[in-house]
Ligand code: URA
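Below, in structure tokens: the form predicted alone, a single chain.
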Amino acid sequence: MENNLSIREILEWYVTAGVDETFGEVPFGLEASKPKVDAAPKPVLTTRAEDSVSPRAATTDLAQATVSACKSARELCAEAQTLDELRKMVEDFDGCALKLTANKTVFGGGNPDSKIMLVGEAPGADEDRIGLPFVGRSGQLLDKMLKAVDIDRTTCYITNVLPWRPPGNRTPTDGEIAVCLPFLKRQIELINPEVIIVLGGSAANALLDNEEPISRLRGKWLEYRKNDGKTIPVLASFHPAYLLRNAAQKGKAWADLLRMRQKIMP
């Protein structure tokens, strides 16, 4: 028998029958059921002899370039006998892509005979424009912090892990740090400071080869081991840029500076 009822009549019939819910847009039984479509057969997995061998980790061109650049940086640093020689080598070095986007190479600056060496992460916009470390707002705050414990900036040596600014001040990659780290380590060898102050977690992790957060590293003396096996006391503290955003942490940074001053001037 043909069903000539309208949609309205069908709905009224459902309401009268007590149906107040539906489970789909089309009422069940009002249209012919659709033919069942068999699910596509699952592909049969086969194993070839060559696929059963454990795959070797793919070495990308970038990874190869990074390894080569690290080796080149270490070899150059071994030849540098003075800071001027090392500076020239860094300026001529083409093994780090950051140099392509940076405006200037920002080598370390200050007193090479200083007892104190301060190490940051990387140049910022002002440093990239001028070519000197810590000359922007962070540097101005650092000057005030040092002056507060009777230390003049000109008596210190200040540098960064990276001599080139990452685009947009982004966090440096592990590869970029690995390539540039030999230049920092050679600066330490040539200057041979009595203490090293690392500013910020990234710089501390790079120099000390760990992944501890700065909140756990600061406030205690650590050690940096030189190539000759001798160690230099290292004190980690907050980066001035962080303190500009988190003024409540300045008290801890002040305590770190007092600890450093007591170390070099008991």
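All residue numbers refer to positions in the sequence shown, first residue = 1. All of these numbers come straight from a predicted model, not from anything done at the bench.
Same protein, other form: the form predicted in complex with this ligand, not shown, and the subject of what follows.
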Notebook entry, point to check: For the chain shown here without its partner, which stretch in 185-193, 69-77, 120-128, 83-91 has non-hydrogen atoms within 4.5 angstroms of this ligand in the predicted complex?
Noted result: 120-128
Margin query: Please tell me whether any heavy atom belonging to P172 falls inside 4.5 Å of a heavy atom of this ligand, as the geometry stands in the predicted complex.
Written below: no
Margin query: Residue-level question: is H239 within 4.5 Å of this ligand in the predicted complex, judged on heavy atoms?
Written below: yes
Check: Is G108 a contact residue for this ligand in the predicted complex, using a 4.5 Å heavy atom cut-off?
Finding: no
Note to self: Can you tell me whether P133 touches this ligand? I mean in the predicted complex, with a 4.5 angstroms heavy atom cut-off.
What the structure shows: yes
